[in-house]
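Only one chain comes next, encoded as structure tokens, the form predicted on its own.
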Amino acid sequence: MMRILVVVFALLTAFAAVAQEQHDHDHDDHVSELAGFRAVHAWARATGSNSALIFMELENGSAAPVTISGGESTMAASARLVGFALKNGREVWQDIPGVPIKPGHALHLEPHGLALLLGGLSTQLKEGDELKARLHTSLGDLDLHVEIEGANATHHSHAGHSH
């Protein structure tokens, strides 16, 4: 009986280690951090066009204001910070030179708000794909792991769980 318990304990310990490793991997994919400034759940919609919007949650845990100002991706010719507006009843995205985020505050880049606009995409984005991008900040460049959601998505598929 004792041998069975030892084997069961060993199996449970191994399973817990694998589960923690998977959780750490998932956490790494969803969170990017630079000197206390974090980007969480970066995502974009699947698109058949040559542009896409990247959305994410930004959290400034540093002691100083951090300004975001744009970005880059090897999959796009440009990555500009933009804000949503209605002009003559049409949806438009206007360039924004930079947005400061105070220490201890958060900013959400989300549909019908702020976003990082990728222009000149080298390939279409399909649901389930991933892309790498960088967010330009006053601290330096923050590497992003961007998950591609469905074409009609309104939020990241993991929105609501915490990191």
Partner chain sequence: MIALWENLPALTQDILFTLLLLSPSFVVGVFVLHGYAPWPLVRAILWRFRGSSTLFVLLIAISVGMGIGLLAQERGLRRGTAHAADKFDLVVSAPGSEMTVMMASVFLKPSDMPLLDGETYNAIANHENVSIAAPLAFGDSYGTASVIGTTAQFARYLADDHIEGRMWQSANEALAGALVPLAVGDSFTPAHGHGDSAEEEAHEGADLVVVGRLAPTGTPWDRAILVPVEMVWTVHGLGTGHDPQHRDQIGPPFDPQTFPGTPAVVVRSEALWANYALRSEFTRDRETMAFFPGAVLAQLYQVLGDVRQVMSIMAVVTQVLVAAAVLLGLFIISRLFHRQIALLRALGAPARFVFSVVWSFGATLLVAGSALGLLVGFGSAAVLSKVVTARTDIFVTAPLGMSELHLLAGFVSITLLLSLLPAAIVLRQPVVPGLRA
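Here the structure is a predicted model, which means the values were calculated and not measured. Numbering follows the first chain given and starts at 1.
The form predicted together with the partner chain exists for this protein as well; it is not shown, and the discussion that follows is about that form.
Colleague: From the list Leu125, Val40, Leu114, Leu53, which entry has a heavy atom within 4.5 Å of the partner chain in the model of the complex?
Modeller: Exactly one listed residue reaches within 4.5 Å, namely Leu114.
Colleague: Though the partner chain is not shown, can you say which of Ala64, Val31, Leu34, Ile96 has a heavy atom within 4.5 Å of it in the model of the complex?
Modeller: Answer to the contact question: Ile96.
Colleague: I'd like to check something about Leu107: if you look in the model of the complex, is any of its heavy atoms closer than or equal to 4.5 Å to a heavy atom of the partner chain?
Modeller: Leu107: yes, in contact with the partner chain in the model of the complex.
Colleague: Is there a non-hydrogen atom of Gly119 within 4.5 angstroms of a non-hydrogen atom of the partner chain in the model of the complex?
Modeller: Flag for Gly119 set to no.
Colleague: Heavy atoms within 4.5 Å of the partner chain in the model of the complex is the criterion; list the residues of 129 to 146 that meet it.
Modeller: The stretch does not touch the partner at all.
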